[in-house]
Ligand SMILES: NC(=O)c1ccc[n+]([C@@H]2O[C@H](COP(=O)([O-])OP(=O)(O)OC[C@H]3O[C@@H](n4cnc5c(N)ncnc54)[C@H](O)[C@@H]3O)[C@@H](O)[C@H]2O)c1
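Before any questions on how it binds or moves, here is one chain, the form predicted alone, in structure tokens.
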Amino acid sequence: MSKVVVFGGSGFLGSHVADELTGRGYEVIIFDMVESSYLQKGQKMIVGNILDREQVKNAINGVDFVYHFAAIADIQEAKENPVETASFNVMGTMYILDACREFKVKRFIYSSTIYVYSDHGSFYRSSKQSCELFIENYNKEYHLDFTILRYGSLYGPRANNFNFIRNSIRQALIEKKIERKGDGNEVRDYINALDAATASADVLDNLYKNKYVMITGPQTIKVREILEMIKEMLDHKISIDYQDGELMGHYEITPYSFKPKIAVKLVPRNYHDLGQGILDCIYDIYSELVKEGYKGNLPENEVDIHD
């Protein structure tokens, strides 16, 4: 049985990838700063920090594959904390890379972003571009095999607190409105985190060795259409307020302005329907809010659909 360590495996996408790997029979170790709320039977948990070089080395010693999702990933947080972003995202990656080299890991799989194509994304984008270059260097100098995964816009269960769709649904349920900077004509390729996890495990195939893989949804959609979908699912009982202002470093129509290594696009053959996926998010977030003391109800027609 192959052994895999997932750095950042307690988080949004990392936890789904860890579960997918476990389901495929891999022995999975999760390494994160907090214990995973989603730990499955058979998964091992290591609470640690990727900036602790010895902890990283101990986690990697004896494993076959390494997935790296640990990062400061909130663009606004990265923008406000450039030094911390460089330290955690770049130096943390360097420690993981060097341990992979030392212990002759079969492959290093890195979670990057489509923002590497862009001049948006602030210091988050810069840190990801830097890491991609270091990964290429480790391959050239030490023959460390890799796969770089560039993710599009993720949504779905376990989303983090800066996820756009999650926050829009929470605001809609609590305040009966959604506020959005921009005019809503920004386009995204949304992909359910469950589908992204499937694709992330698929890349262990030798076909993706030393390749750059873009993992996005099967269709391009405007943000405005997403918000109207949420509004319709909530029986048109919310308002949508488009506001003037910057999108906090996010791109509008396309991320493409910079040319890194070309990536192949990987879309799972079977994937979650976007509408159904958002509806599932509404119920998940509603349940989450109820536990927090929320007293509101979902529209009756939504209960009928769910039942």
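Source: prediction; values computed, not measured. We number the residues from 1 along the sequence you see.
Keep in mind that the form predicted in complex with the ligand is not shown, yet the notes after this line are about it.
Considering 50, 281, 238, 266, which brings a non-hydrogen atom within 4.5 Å of the ligand in the predicted bound form? Here the answer is residue option 50.
Mind telling me which stretch in 145 to 153, 218 to 226, 197 to 205, 176 to 184 gets its heavy atoms within 4.5 Å of the ligand in the predicted bound form? Correct option: 145 to 153.
31, 71 and 111 - do all three of these have some heavy atom no more than 4.5 Å from the ligand in the predicted bound form? Yes, the whole candidate spot contacts the ligand.
Worksheet item: Does the ligand get within 4.5 angstroms of any non-hydrogen atom of residue 137 in the predicted bound form?
Response: Flag for residue 137 set to no.
Notebook entry, point to check: With the cut-off set at 4.5 Å between non-hydrogen atoms, does residue 123 touch the ligand in the predicted bound form?
Noted result: The answer is no: residue 123 has no heavy atom within 4.5 Å of the ligand.
query: Is residue 10 a contact residue for the ligand in the predicted bound form, using a 4.5 Å heavy atom cut-off?
result: So residue 10 counts as contacting the ligand.
Indicate whether residue 76 is a 4.5 Å heavy atom neighbour of the ligand in the predicted bound form. No, no contact at 4.5 Å.
ask   = Judged by heavy atom distances of 4.5 Å or less, which residues of 154 to 183 approach the ligand in the predicted bound form?
value = Going through 154 to 183 in order - heavy atoms within 4.5 Å of the ligand in the predicted bound form - the hits are 154, 160, 162.
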